[in-house]
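Before any questions on binding or motion, here is one chain by itself as structure tokens, the form predicted on its own.
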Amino acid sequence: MRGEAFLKSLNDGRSVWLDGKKVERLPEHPAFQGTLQTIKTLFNMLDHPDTQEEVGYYVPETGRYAHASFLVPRSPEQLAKRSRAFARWSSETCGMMSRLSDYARSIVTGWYAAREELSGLDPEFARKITAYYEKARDRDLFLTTAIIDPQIDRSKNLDDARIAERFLHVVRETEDGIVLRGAKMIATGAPYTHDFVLFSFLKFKDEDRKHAHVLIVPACSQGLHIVCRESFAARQELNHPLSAKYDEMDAVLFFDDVLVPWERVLLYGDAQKVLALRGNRTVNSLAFHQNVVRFVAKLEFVAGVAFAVAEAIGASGFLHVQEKLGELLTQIDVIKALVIASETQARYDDAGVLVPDLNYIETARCIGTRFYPRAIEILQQVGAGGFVQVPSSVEDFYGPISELMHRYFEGATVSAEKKVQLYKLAWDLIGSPLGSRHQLYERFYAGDPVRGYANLYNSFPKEKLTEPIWSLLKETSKGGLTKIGQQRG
């Protein structure tokens, strides 16, 4: 099955670094085993008759199912199929795994869907992206992005040589391709991806041609080093149920003169064209749609944990607790409504692709940066001090003080053992390294939240809201002046 094939494919000589050592036989390493077993299970859903229609679609050319993130939606039914596939994978992972490849795959699918429009940027673009899209689809390639430049001196830009040489750039062009040097971050899922989708959020100038590029780079490229953060994976699933299965590793990429073949260079050297590709509405709508569908599953999971904690300790009857739990429901409904609005208000682009409404999606991404920290805060308030009085291990229930454990950890509606298991699950959300990482992630994965809100304002046709105001004031002013004139006359 393709899950097993995925694991085997990772032994390809890639350079992954963790705790100062190069990782050998990555699928067997304890820092990645739980996560990779989760991904393996998800990939195998495409081969199982009971689930392949829900997460995939049939490709006549290959006679196999491909994940629905590769489906170019040309009807409401096909757009709904993409949404259901995102939702199923997200629910299978409690919304805790945001980079399961369906996001980066959707970027590639968006480029492919808009290839004729984008061919104006480069006459070779349509041919290159078609070849790569078909390869990624048919070989079940795992993809992730690396689009942030390293934090060195945020007060400087590419005019500073120290910054320019450290940001990813082309050092030379060859007959075979371009040679890259520099670094990129934050590459979630980097150790176990097949390819990286690379570009930058920088506002390029014309003279920044060496830094202006859109690339697809194999993870096993010679000279590419994947440097992991500390692992948050846990071996004891009973004590750390989320950390044991869902630790998406984040990494920084070091490019030490990495050759990227011309076939993988989608754009290079023209700052304005790179900016145009980055801002393509078809691409962003299809990719960001996945972000928001996934976020619904995560909010539902947090709410479910909070509800269970409240019930377990007999707090669900208190009005102030009910208010907080009701707030979690409003969060879910707001994001769900924005997903539905983006799909029902979808419009066909010039190529006949049905594209979700990006305005609703961007709104959801913006408010999500505030919703998730608030959701975690509510969970903390509901469980309160109980979270720090949980025993070190559920194994304590089988030791010499077992009788005391069952007596003093008992809940209002659940046994002591179930209550401790529930609290350990909640702690993995609110207090573990993995939980802290997720709070940071949800605040910033969509970029600077301040800029996100500002972009909503800057791109909105403001006259729709201001013209009625000026019209009202105009009529009020005319009537008022007439009345004043009559009084004076």
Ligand SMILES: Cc1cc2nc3c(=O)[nH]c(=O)nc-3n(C[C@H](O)[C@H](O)[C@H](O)COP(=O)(O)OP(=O)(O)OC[C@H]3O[C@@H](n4cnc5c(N)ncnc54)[C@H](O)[C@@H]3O)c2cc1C
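Small disclaimer: the values here were computed from a predicted structure and weren't measured. Start at 1 with the first residue shown and count on from there.
Although it is not shown, the form predicted together with the named molecule is what the next lines describe.
This chain appears without its partner; in the model of the complex, the one residue of Ser243, Thr144, Ser83, Thr282 with a heavy atom within 4.5 Å of the named molecule is Thr144.
The named molecule is not drawn, but in the model of the complex it has no heavy atom within 4.5 Å of Cys366. Though the partner is left out of this view, Ile186 does reach within 4.5 Å of the named molecule in the model of the complex, counting heavy atoms only.
Though the partner is left out of this view, Asp250 does reach within 4.5 Å of the named molecule in the model of the complex, counting heavy atoms only. Shown alone here, Arg451 lies within 4.5 Å of the named molecule in the model of the complex, counting heavy atoms only. Contact here is defined as any heavy atom lying within 4.5 Å of the named molecule in the model of the complex, and by that definition each of Arg99, Arg154 and Gly447 is a contact residue.
With the named molecule omitted here, the record of contacts in the model of the complex names 437-445 of 453-461, 424-432, 27-35, 437-445, defined by a heavy atom within 4.5 Å.
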